[in-house]
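We begin with a single chain expressed as C-alpha cells, specifically the form predicted alone.
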Amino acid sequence: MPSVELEHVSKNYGQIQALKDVSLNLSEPSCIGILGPNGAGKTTLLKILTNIVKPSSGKAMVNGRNPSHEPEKALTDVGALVEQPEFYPYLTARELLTFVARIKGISRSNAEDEIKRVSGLTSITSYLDRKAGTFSRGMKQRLSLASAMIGDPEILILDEPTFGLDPKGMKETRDLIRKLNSERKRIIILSTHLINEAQEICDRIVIMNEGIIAYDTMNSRDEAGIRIEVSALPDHLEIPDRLAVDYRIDGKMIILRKNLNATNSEIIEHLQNLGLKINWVVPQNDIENIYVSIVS
C-alpha cells in the first residue's frame, strides 16, 4: 500500500521560511489536491518529497523510507512532474522516454511497449520522433507527464500538470488523472492554482498559505466556515481561538472559520454578548470561499 508522510517539516532559504512545521499523512490510494497562491510552499513541499531539496527540519517518508537518506529506495515507485519540464533539446521524445524507462529498470525489450502506453495516454504518439527542442510549452508538459507515468508508479507527484495546455489539453489531462485515480491503486499528489480543477479531480483538498497548511478537507466539517452579517461592527472585534481558527471583516460581514469544537450558537451568543445585532448566518463550505478567506 503506497504511503506519504511529512512530520513537522520546515524549509528555510536564508531568511525566508518556505515551509513552517508542515505535517501531512497519506496512507491509502487517493488524489490529494494542494491549492495555494505563488509562494505558498506547494512546490517546495513536492521538491522535498522527491529529494530535489532537503528539509531544514522534520522529515518526509515515502513508502516508509526517507528520500533524503535513501533516495533510490524511497523513489523507486514514484513518478514526478515538478516545476517546468526541461529536456535535452537534441533528443527525440522517444529517446528521452527510453532513457527514463532504462533508469527505472525497464528492460530494453519492454521499454518500447511502455513508451507506446504512456504516449497514447498523453496524446504524444505522433510526436515521439520529433526533437524535444521543437516542442511547445504544452507539448513539453505532456512529455513530462508521460515521463512521470513510465513504469506505472504507485505514487504520482504532479506540480501544476495542466500548466501551458490549451483547453482541450487541460480536459484530456484532467480526464486522465481522474481515470488513474479511479483505479484506486496509487496516491496522486496534485498541486494547482485552479480551484475548479482541484474540486473536479481530487478526493481531498489542502490549502497552503505562507508555508503552512491552512485548511484540509479531511479535517473539516460541513459548516467549518460561516458568514455572519451584523447591523454594525464595533471599532474592535475579538473572537477567541476556542470559537474561531481565523476570521476577517468585509463591510458588515464577519467571514469566519470555526474551531472544530465550536457550534454556531456559541459563536452567535459571543457576538450578541458584545452587543452586536445578527442579521443572518449562513454556512460557507465551498472551497472557493474558504480559499479566498485564507489567502486574502
Partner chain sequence: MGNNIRNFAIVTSYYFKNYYRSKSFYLMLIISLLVSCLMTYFSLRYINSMSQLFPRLNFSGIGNETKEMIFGYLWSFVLLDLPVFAAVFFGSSAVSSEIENKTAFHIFPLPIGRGNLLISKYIAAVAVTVITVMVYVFVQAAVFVYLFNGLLITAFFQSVGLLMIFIFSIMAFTFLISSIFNKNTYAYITVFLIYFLVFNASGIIIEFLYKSNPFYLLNISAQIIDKVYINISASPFSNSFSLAPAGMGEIIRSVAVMIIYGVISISTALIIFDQKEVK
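Numbering follows the first chain given and starts at 1. Computed from a predicted structure; not experimentally measured.
Unshown form predicted in complex with the partner chain; subsequent notes refer to it.
Heavy atoms of P71 reach within 4.5 Å of the partner chain in the predicted bound form, making it an interface residue. At the 4.5 Å threshold, heavy atoms of T134 stay clear of the partner chain in the predicted bound form, well away from it. Contact check for S126: no non-hydrogen atom falls within 4.5 Å of the partner chain in the predicted bound form.
The closest non-hydrogen atom of K47 lies within 4.5 Å of the partner chain in the predicted bound form. At a distance of at most 4.5 angstroms from the partner chain in the predicted bound form, none of the three residues S10, D21 and S27 contributes a non-hydrogen atom. Q84 is the sole member of S182, N110, Q84, N196 with a non-hydrogen atom lying within 4.5 angstroms of the partner chain in the predicted bound form. A heavy atom within 4.5 Å of the partner chain in the predicted bound form is found for one listed residue only; from R178, K116, R186, K104, this is K104.
Contact with the partner chain, judged by heavy atoms within 4.5 Å in the predicted bound form, is confined among 205-213, 165-173, 84-92, 187-195 to 84-92. Residues K47, T50, N51, I52, V53, K54 are the ones in 31-63 with at least one heavy atom within 4.5 Å of the partner chain in the predicted bound form, listed in sequence order.
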